[in-house]
Structures are given as C-alpha cells and as structure tokens.
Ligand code: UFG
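A single chain, nothing else alongside it, follows as structure tokens in the form predicted alone.
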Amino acid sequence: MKLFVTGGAGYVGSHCVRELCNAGHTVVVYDNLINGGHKEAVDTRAELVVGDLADDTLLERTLASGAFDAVLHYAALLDVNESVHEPLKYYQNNIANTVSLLALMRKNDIKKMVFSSTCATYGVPLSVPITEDMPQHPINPYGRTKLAIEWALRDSADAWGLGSTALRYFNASGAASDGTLGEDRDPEYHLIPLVLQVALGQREQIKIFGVDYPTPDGSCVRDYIHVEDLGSVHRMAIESQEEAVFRYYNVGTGVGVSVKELIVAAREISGKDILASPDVRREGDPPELYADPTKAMTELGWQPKYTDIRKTIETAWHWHSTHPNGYASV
C-alpha cells in the first residue's frame, strides 16, 4: 500500500514508519518537525514532506498528488497538563486540523485511516483493567479532543464510507531495540526519559506528582506500551482495515506499573542513584490506568513483545545513554 503518515518524524510515528517500511509499504511522511519531530528519525526508505496540518494548500497538494491507499494519523499535541492550561491550542491542533485532514481525504477518495487515540478518553475508569466497552468520560482537554475525533471517524463511516481504526494506546515508552531510534523532545514530559535524564546528570531530580492516590504505594499507576509494539499494531490495523467500518482497540500491556516502581527499576538498570521527591498532584491525572488488550490481540492477532517494564526501560536507557543530546548526538 501507499501510505500517508502524519507526524511520522515524531517519537511514535518514526517507529511505526520503520515497521511499515519493513513490511514493504510505500510511505510518505508529513511532519512539521516541531514538538519532537526530527528528520533524522525518518526511515530513509520513506519520503519526507515538511509541512503543517494547518497548511491546507500544501496538505491538499500532497494528498492529491499521491494516489494514497490510506492515512495513519499521529500528528497531535499530547501533554495532558498543558492541555488543562491551554485548551484552545489543543482544540485547534487536535480537532480542527484533523477535521481538515478528513475533509481532504474525502475529497481525494481516501477511505482508510488509523488514528492514534488514547486511554485518556476513558477519564477515571470505573475499574481496571480498562476494556473498550467502558464509558468514555475524559477529564482533561487532551482526552476530549481525541474522543471528538473518534466521534468524527464513527460518523464518517456512515456518511461517506471511511474505514478507520482508533487505537487507544496507553503510555508510549522505550526505544528501538537496535538503539537507533528513541525519544527526543524539548520540553520532555514523559516519565521514563525524565527519570533517565536524572540518571545522566541532566536533571537534578524527578518529582513524583502525587503520593496519596488510592494505589498500593500512593503513586499513579500506568501501562507502559513499547513503541515497537505500537508499530506492529498500527501496521496490523491498516493492513486489515475495511472501508465503512469503524473499529477501536485498547493498546497496552495489561500490566500496571506505579511511578515509584518505575523509578526503582530505572535505578537498577542505569546503576545510578536517581533522586526522587514527592510533589502535589497534577490536574487531570487519574490514579490508575492500565489496559485489557484482549480485543486487539483476538481480532488483529497482535501480541506485545514487551510486557516487563524492565525490558522497556533497558531499551530506553540504551538510547538515552548513547544519545544524551538526542538526535543531535549523532
């Protein structure tokens, strides 16, 4: 297939592009190279178009000239805390820009899409692990923007035959197993790289936002899904996508790991004394989020390879310790 990939120079997108290229697909990446996008992260077998989703002229010209079979949409803002304080920024980027993309897909008769959604659409779940049939009541603007696009995808299936899959993934983590791709964002807000920055001496300490949650050790519990596992599930989803069908899957390991547990594991793997200090809770943070990935495993035949947080942190430590300045280290 010929695939149009938005955000394909970013952290998750670049790993997925590599997976798609390895499977023999022709890939065109569309990325503005900000918010964590790097041209060095784009697979050399893919074509890179540097552009913003808000640039309707360039976006339309690129889609019209490509004869694309499908779109994989990764481009989005995703800092939960920032979304609470800058909601309009998230509504503009995550909703308005995506609606423009969908309109151009319709115009160019592209009827297949995989959308990077999020577990944040569930808000505070009734119970864990989270299954797809649980109510979606997001508690922050980031989650609300992703849910709005899920509604748009569902409605588009009925209205004009769009076939799409929303992958509600949990905390993207880790790095390429060969150490050549990893996370490089400034500012950084994902926990694992922040913890490893302390190990590298780039940060004095890591703050634990909330130590009084109703969890076993008082810190938040999350499901850390490896980026290479995200790559495989995106590929399986687009390869099996049918027109006029809307699907949705939780993508996680099914294992919850607390912030404190993660820090302990990072200390052991890095061999460094990582200073951690308690802090107040952040707005918009549910106490506990981890997936029941049974539906994706059953219907797509997907199986995550990384279910042990230590193995995931090992790949991240390999990347960060050999690329202390990210892609600028090369």
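Numbering starts at 1 and runs along the sequence shown. Just so it is clear, the model here is predicted, and its values are computed rather than measured.
Just so you know, the form predicted in complex with the ligand exists too; it's not on screen, but the next bit is about it.
- Annotated contact segment (heavy atom within 4.5 Å of the ligand in the predicted bound form): 191-199, selected among 191-199, 227-235, 105-113, 155-163.
- Though the partner is left out of this view, N171 does reach within 4.5 Å of the ligand in the predicted bound form, counting heavy atoms only.
- Proximity of L289 to the ligand in the predicted bound form falls within the 4.5 Å heavy atom cutoff.
- Proximity of K207 to the ligand in the predicted bound form falls within the 4.5 Å heavy atom cutoff.
- For A120, a non-hydrogen atom is located within 4.5 Å of the ligand in the predicted bound form, even though that partner is not displayed.
- This chain is displayed alone, yet in the predicted bound form one of V251, L72, L181, C220 has a heavy atom within 4.5 Å of the ligand; that residue is C220.
- Proximity to the ligand in the predicted bound form, defined as a heavy atom within 4.5 Å, singles out one entry of R282, R267, R45, K305, which is R282.
- Residues L78, V80 are the members of 45-83 with a non-hydrogen atom no more than 4.5 angstroms from the ligand in the predicted bound form.
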